[in-house]
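Below sits a lone chain in structure tokens, taken as the form predicted on its own.
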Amino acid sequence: MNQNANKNIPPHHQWFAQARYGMFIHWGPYAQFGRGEQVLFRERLDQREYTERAMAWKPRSLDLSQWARHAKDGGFRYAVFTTRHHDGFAMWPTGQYDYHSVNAFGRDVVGEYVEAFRSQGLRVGLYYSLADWRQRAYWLGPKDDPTGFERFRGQVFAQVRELLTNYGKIDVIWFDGPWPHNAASWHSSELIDMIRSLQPNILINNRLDCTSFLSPAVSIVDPEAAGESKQLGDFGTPEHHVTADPNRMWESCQTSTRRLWGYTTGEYWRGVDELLSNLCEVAARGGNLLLNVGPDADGRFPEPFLVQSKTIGDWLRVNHEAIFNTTDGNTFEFITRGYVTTRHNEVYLILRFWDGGSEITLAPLATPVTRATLLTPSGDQSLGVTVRRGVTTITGLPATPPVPYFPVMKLTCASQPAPHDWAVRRLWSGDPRRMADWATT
């Protein structure tokens, strides 16, 4: 999303375009199994036994204030919590059925979450799955069980109303699980109207339809994008990948482990460098990173995630201005070295690696650079700037990087940064003839 696109975002949604970094929290009775959030379906467990185990659940170390402190210390700007996943267990005292956290262990987890994260100055989002694997009508659908599906859909509307009525201002509602039904079956337009009437300034994600991703045989064309709508919603939600949405805000939701969202025993944890690279990439392309954590059955954040979060939080304390409140780096070519973000007259060069050289040449930048600094834990370190025949060279780089991962250089330009005419289009786009003269120069 470029700077001009940001101008089209309503004022009450601008915070999301500037936030860049959110925490996704998948927590429910599935944490007791230690095999991810979808263990009920993936392993076709007995529904009765799963329910009994869910209602006997007693998390011994649940402290939502500690969750919020971890989020704040990690540099997150907002969070999204799973109020109900596909297993149907509600993390608040819903009036629609008795299968919820208050009946199981006496805690309104949604209420505690909202209060704790607000107290840390973080925006709050609520995840809600349309699916409920316990419901026969969900599987049969409106065609084969019209009465049952109408009743089930009414339950969905009622629960969304509860979530958006009982907990004050909510910043994001994050839907999931529309498969295998389309927006008409879910009455998605009516649901959106109800949501807007309850919370006019709320952000709604793009998972209220399945039409674009279903074949006539009701099979998913792209399993990782199941349920994403090209029309509905305020922002896109690419899952497990970074794909910019040119038409609206977007947020890449990713796991801190290799694959699963819910707590998993023995799962492989992704490296800090990989996660930090994801954050820098989404910022450079104008999006947000929603990074997931799956607390264990007792309500504790796993230690490997805390290490990841703290390391990224430490990096953000030094380099935050290169991530937050920035726009994408489409005015600048830097793929051979790293990522670029911009803010007003500043250009931020986020280096994927440090080669030990004393200078960096920036050929595609047309706007004059008036000052260059290296962001370090002890403050900005001045660098040299020379310009010759339109080529800018940054000099005086130290032999070793100032931080272990992704050091950042800040360039202050004479005006809003712009590329040379020949660099407006990247390597594999635009009219190739524009580079013919350069090929023989």
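From 1 onward, residues are counted along the sequence shown. A quick note: this is a predicted structure, and the numbers were derived from the prediction, not measured.
One more form of this protein, predicted in complex with alpha-D-glucopyranose (GLC), exists but is not displayed; see below.
Visitor: From the candidate stretches 84-92, 156-164, 313-321, 354-362, select the single one in contact with alpha-D-glucopyranose (GLC) in the predicted complex, where contact means a heavy atom within 4.5 Å.
Guide: Contact criterion met by 84-92 only.
Visitor: Of Tyr127, Tyr263, Phe76, Tyr339, which residue is found within 4.5 angstroms of alpha-D-glucopyranose (GLC) in the predicted complex when only non-hydrogen atoms are counted?
Guide: Checking each option against alpha-D-glucopyranose (GLC) in the predicted complex, the one that comes within 4.5 Å is Tyr127.
Visitor: With alpha-D-glucopyranose (GLC) left out of view, choose which of Phe301, Trp174, Tyr348, Phe332 has a non-hydrogen atom within 4.5 angstroms of it in the predicted complex.
Guide: Contact with alpha-D-glucopyranose (GLC) in the predicted complex is made by Trp174 alone.
Visitor: Using heavy atoms and a 4.5 Å limit, would one call Trp186 a contact residue for alpha-D-glucopyranose (GLC) in the predicted complex?
Guide: It does not: once alpha-D-glucopyranose (GLC) is placed as it appears in the predicted complex, Trp186 has no heavy atom within 4.5 Å of it.
Visitor: Using a 4.5 Å heavy atom cut-off, state whether Ala283 contacts alpha-D-glucopyranose (GLC) in the predicted complex.
Guide: Looking in the predicted complex, residue contacts with alpha-D-glucopyranose (GLC) do not include Ala283, since no heavy atom lies within 4.5 Å.
Visitor: My question is simply whether Arg207 lines the interface with alpha-D-glucopyranose (GLC) in the predicted complex - judged by any non-hydrogen atom within 4.5 Å.
Guide: Answer yes; at least one heavy atom of Arg207 falls within 4.5 Å of alpha-D-glucopyranose (GLC) in the predicted complex.
Visitor: Leu279: heavy atom within 4.5 Å of alpha-D-glucopyranose (GLC) in the predicted complex?
Guide: No - in the predicted complex, heavy atoms of Leu279 and alpha-D-glucopyranose (GLC) never come within 4.5 Å of each other.
Visitor: Heavy atom within 4.5 Å of alpha-D-glucopyranose (GLC) in the predicted complex: which residues of 12-44 meet that condition, in order?
Guide: Contacting residues: Phe24, His26, Glu37, Gln38.
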